[in-house]
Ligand code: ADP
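Only one chain is given next, in structure tokens, and it is the form predicted alone.
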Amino acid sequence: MSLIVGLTGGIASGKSTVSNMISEMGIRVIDADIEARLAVEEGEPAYHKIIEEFGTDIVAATGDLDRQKLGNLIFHNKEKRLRLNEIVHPEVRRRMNEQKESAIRKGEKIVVLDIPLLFESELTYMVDKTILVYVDLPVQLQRLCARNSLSEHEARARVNAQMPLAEKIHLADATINNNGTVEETKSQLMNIMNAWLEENIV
């Protein structure tokens, strides 16, 4: 039986680093962000629905969606943002489920769904176990400022727009403290995966 693990975190918490570590272990990772990009490519059902909803102005000369224009359109308009999510999210879930079912049929022992908004979007029903990658707020702000060339004020605004990591800790089955070195993070990940694999085999 395959164990389906949901991996989540917060902005600049190091979730992508852990996701890459999992891939390097030979475990299938199905990434919600990648699937969200693929779901709105030209010709996909969501692509046509988005143009229907938001008009042809958001189509770039290449035929792809102009992400910046679409982003500007929904950033300050909650109603439009919700409408976009209503179009894209079901498609992303469908694509992820198809891949998950394919991995289960192939008998893969562990499959990881990398979902940034796992708790916020109430998608825990899609997985058996959850892992949260977290860092302390000062570390999160420092990394976000460095990574995205933001001021501390801008970084705080982005962090505050998400559910606090401290709240997510209580919701997760397992947590990885990513304040330290890459080696320390990897060691925590290996311990979690090995323990769950043993549980699943027994």
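Residues carry their position along the shown sequence, with the first being 1. Keep in mind that this is a model prediction, so the values were computed, not measured.
Omitted here: the form predicted together with the named molecule. The next part is about that form.
The stretch among 62 to 70, 139 to 147, 45 to 53, 168 to 176 whose residues place heavy atoms within 4.5 Å of the named molecule in the predicted bound form is 139 to 147. In the predicted bound form, the named molecule sits within 4.5 Å of a heavy atom of Thr181. For the chain shown alone, Ile11 is a contact residue for the named molecule in the predicted bound form, at least one non-hydrogen atom being within 4.5 angstroms. Proximity of Ser16 to the named molecule in the predicted bound form falls within the 4.5 Å heavy atom cutoff.
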